[in-house]
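One chain comes next, on its own, written as structure tokens: the form predicted on its own.
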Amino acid sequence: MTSATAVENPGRKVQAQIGTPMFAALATGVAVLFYVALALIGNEYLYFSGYVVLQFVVMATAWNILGGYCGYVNFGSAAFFAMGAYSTVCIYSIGTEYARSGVGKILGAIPPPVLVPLLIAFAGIIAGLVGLGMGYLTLRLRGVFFSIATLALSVVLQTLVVNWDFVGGSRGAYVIRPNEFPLLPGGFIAYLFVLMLLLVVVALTLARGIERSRLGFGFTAIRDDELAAEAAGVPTLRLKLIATTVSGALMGMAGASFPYYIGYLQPNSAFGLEYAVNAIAMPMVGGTQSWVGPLVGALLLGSFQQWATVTISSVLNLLIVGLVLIFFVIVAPNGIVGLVREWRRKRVLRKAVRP
């Protein structure tokens, strides 16, 4: 037992020395190197596909804060994503339809490179508030009842959008993005890629900080045994409301720049099944009890989907996700991170019992 402890302690000490500010700096440095590498390659398609993969990283991380840390499975991920996308469409419509007076004139005068970061922040606020309200109404439900309630939220919101002509309704809405961005060689799509890359850094830093804080310990207590946590004095409802707010805000921020990326937004694309499915499948593939799991799952599964879209067909994406998810549920229910932890644990035990 002493030998096992001696083997495990150095890694833990190194992780403990990396605080949240240092992790944010390291993650930012990796993001800069990643962008520089893509810029040197000079293939514009990499920005398009990379944007989608990074979007899935944010979605998976956001879902994991509620579903992985707290154990509350959210089927309404597409609703929060679409909420962020349609908040952008709403602001864009105000800036174009009422560009001659009032607020519309102010919004219409803001250049897109400045407007998009503001829209991301605005979408985070709106989606976070809706997440707070949803949590207050549904978090007294548990298990499958909570999951069904979140799915109902997605259906209600999609019905509202389909019948709201100001944001395009069922016919959809156009959001025109500039072709060029002088500061980046890849144009405006490269700018959207950079914004999503920065959002990934924010999401991962936030998730890691939560995991290693008292808030994360409270989430773990809720996931392991909520009744015991309540009996021990853990403010479970308050913690769950924090989780739904943060998770919803990140999902909304992930969808805010999507209308500029796609150019034409309609309900079927914003409320697409792939967002709801991938947001759940990617953390489960990577591992739900750590901030690393959603990152690993989103990078692997998202990259594989982009490759399949180009080489085979985009209609196979959900089939690929389903097959991979079935495989991991059977072979590795704790995901890739769980497999690695189990392998390391067995290795430490072998070293401990070795004469």
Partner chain sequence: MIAPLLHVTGLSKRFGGFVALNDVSLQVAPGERLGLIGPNGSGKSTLVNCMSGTLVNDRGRVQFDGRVLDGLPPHRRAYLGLARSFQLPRPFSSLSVRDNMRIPLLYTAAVRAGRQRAENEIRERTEELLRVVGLIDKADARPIDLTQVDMRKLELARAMAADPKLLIADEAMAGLSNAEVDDILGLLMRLNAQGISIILIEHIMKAVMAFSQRLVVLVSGNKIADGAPSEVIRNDHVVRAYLGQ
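Numbering follows the first chain given and starts at 1. On a predicted model such as this, the values are computed, not experimentally measured, just so you know.
Note that the form predicted together with the partner chain isn't included here; everything after this is about it.
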Answer with yes or no whether residue 90 is in contact with the partner chain in the predicted complex, where contact means some heavy atom within 4.5 Å. no
Tell me, yes or no, whether residue 169 is in contact with the partner chain in the predicted complex, where a contact means a heavy atom of each within 4.5 Å. no
Using heavy atoms and a 4.5 Å limit, would one call residue 114 a contact residue for the partner chain in the predicted complex? no
Can residue 195 be called a contact residue for the partner chain in the predicted complex at 4.5 Å between heavy atoms? no
In the predicted complex, the residue from 184, 234, 132, 262 with a non-hydrogen atom within 4.5 Å of the partner chain is 234
Contact with the partner chain in the predicted complex, heavy atom within 4.5 Å, among 202, 241, 215, 94 goes to 215
Going by heavy atoms within 4.5 Å, which of 243-251, 184-192, 223-231, 118-126 lines up against the partner chain in the predicted complex? 223-231
